[in-house]
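What follows is one chain in structure tokens, specifically the form predicted alone.
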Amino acid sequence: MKTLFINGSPKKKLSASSYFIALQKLFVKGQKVSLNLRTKADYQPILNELHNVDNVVFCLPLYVDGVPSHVLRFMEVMESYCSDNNLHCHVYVIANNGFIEGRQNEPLMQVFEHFCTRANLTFGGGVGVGGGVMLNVTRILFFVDIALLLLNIILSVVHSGNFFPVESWISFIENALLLLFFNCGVLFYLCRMGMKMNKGEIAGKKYTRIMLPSFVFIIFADIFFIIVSIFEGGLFRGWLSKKSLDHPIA
């Protein structure tokens, strides 16, 4: 079995879509290929892979309650290409949005359902994730926690020769379990969809979210987007580099 993962995020680094692809790969067997879809230059490598894949997984963000324009344009090309070359595979979708409700991704799922019907492909279902941006931040925080743990171990060894600072390990484990809890809904449904993919079955559409109370999510989301706006959208996207309107993403 061969599965093609298509990252439809326009971000070059640390996108939520790349995070969910990494998680989904944990539950999929066989050969796995990942390709980015940001510009027209990415079309042909993806189309070439379609000739010998069993599953295609689109992982992308929700933009204005729908499919990002650069992905939509590719879908038009892929529809014709699959029809002309008599290609058939299962198509699955992992969609994420910045809202708390995963069901906000339903219109995007419907677009892919109609796309599969027109292209004579099998829509295998998908997972709609609410709070995708914040879940992606948990990945960054996890690696920060690892770095802090290693630093505390080094400091403990230098000062006392102790390779196992208990308080540091307890703090790390508590934070890791908390981040795991935030992601448990996503992990459950991605695991479920992965099992269906391995059997060539239809997974259906499922929706989940970050496991955080809505009123807490809103507070943190407001703070996060205020910080992002101060950096003109550059934070986590272009590593604080300013964006130029003369060079659109797609």
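Start at 1 with the first residue shown and count on from there. Because the structure is a prediction, the values reported are computed rather than measured.
Beyond what is shown, the protein has a form predicted together with a small molecule; the following relates to that form.
The closest non-hydrogen atom of Val133 lies within 4.5 Å of the small molecule in the predicted bound form. The small molecule in the predicted bound form is not approached by Phe123, whose heavy atoms all lie more than 4.5 angstroms from it. Although the partner is absent here, Gln104 lies within 4.5 Å of the small molecule in the predicted bound form, judged by heavy atoms. For Glu201, no non-hydrogen atom is located within 4.5 Å of the small molecule in the predicted bound form, even though that partner is not displayed. Annotated contact segment (heavy atom within 4.5 Å of the small molecule in the predicted bound form): 94-102, selected among 162-170, 111-119, 80-88, 94-102. The contact residue chosen from Leu62, Met193, Val56, Val186 relative to the small molecule in the predicted bound form is Leu62, the criterion being a non-hydrogen atom within 4.5 angstroms.
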